[in-house]
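Let's start with one chain on its own, the form predicted on its own, as structure tokens.
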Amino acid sequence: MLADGSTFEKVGVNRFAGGGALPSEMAARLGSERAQGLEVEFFATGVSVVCHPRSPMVPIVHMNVRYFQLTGPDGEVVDHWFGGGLDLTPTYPFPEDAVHFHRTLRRICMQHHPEYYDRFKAWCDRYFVNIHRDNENRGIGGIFFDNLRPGENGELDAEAAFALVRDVGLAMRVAYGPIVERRRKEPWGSREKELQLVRRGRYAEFNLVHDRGTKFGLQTNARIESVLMSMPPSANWGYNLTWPEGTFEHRLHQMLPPRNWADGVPDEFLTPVR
């Protein structure tokens, strides 16, 4: 854990490798139907990274890669899969940053499978949504995938799937690093900071209410500090917040619905904000 840094207020890196007994109903919630009615043990390993910048001009980033395996009573593998993703949550509207982020992820995915970027982007757009806030997306997305079973239904074999997951895990440097360097010294004031705190509140809402990983950690008695490491260091909740058109606050919320960022900045975002 990094806290109170000059560029980042909080960065958490979780590494996990372990397992234990897993009720079949929980296995089903994780996406496995093969464990139905069985007493299974799980083994999971993965890495998660969440970065909360100090400056509201620098977006939040989240990365996770993981492998999950279920074994039956006699030790045979019942089910196994890879998962992962990388997504961006801006707290100030820079459409060109969204374009860079998505183009980088598209290039990485295309090196492994021609369909993966479109599939994983759409999955990310569906997953990181605050349903309780009229289906508001947490950020501008990225890629997300789960239950990627090696060799099934035209998917990559185990070695190729692991290579994909490894590249996703290493993508932060090229997808996020240039954005940080470009924005970290941008000037900002109280309005920008207030919007950042509001968006951090929405980030926390998703993680506590909807995120499967957080729920899994809480239900398996994992170390609570690790489960909640993704929480922002501070956040605000206003009441019935709205912003006039043309302001940067309104522009940011215009960026949240899913868009084809890898194709370039949409025309509607070319006008300046105030």
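Sequential numbering from 1, following the sequence displayed. Since the model is a prediction, treat every value here as computed from it, not as a measurement.
Not pictured, yet referred to below: the form predicted together with another copy of the chain.
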Site check K10, L218 and L228: each within 4.5 Å of another copy of the chain in the model of the complex by heavy atom
yes
Interface segment, criterion being heavy atoms within 4.5 Å of another copy of the chain in the model of the complex, picked from 104-112, 130-138, 175-183, 90-98
130-138
Sole residue of L38, A44, M26, A235 within 4.5 Å of another copy of the chain in the model of the complex, by heavy atom:
A235
May I ask you to check whether R212 falls inside a 4.5 Å heavy atom distance of another copy of the chain in the model of the complex?
no
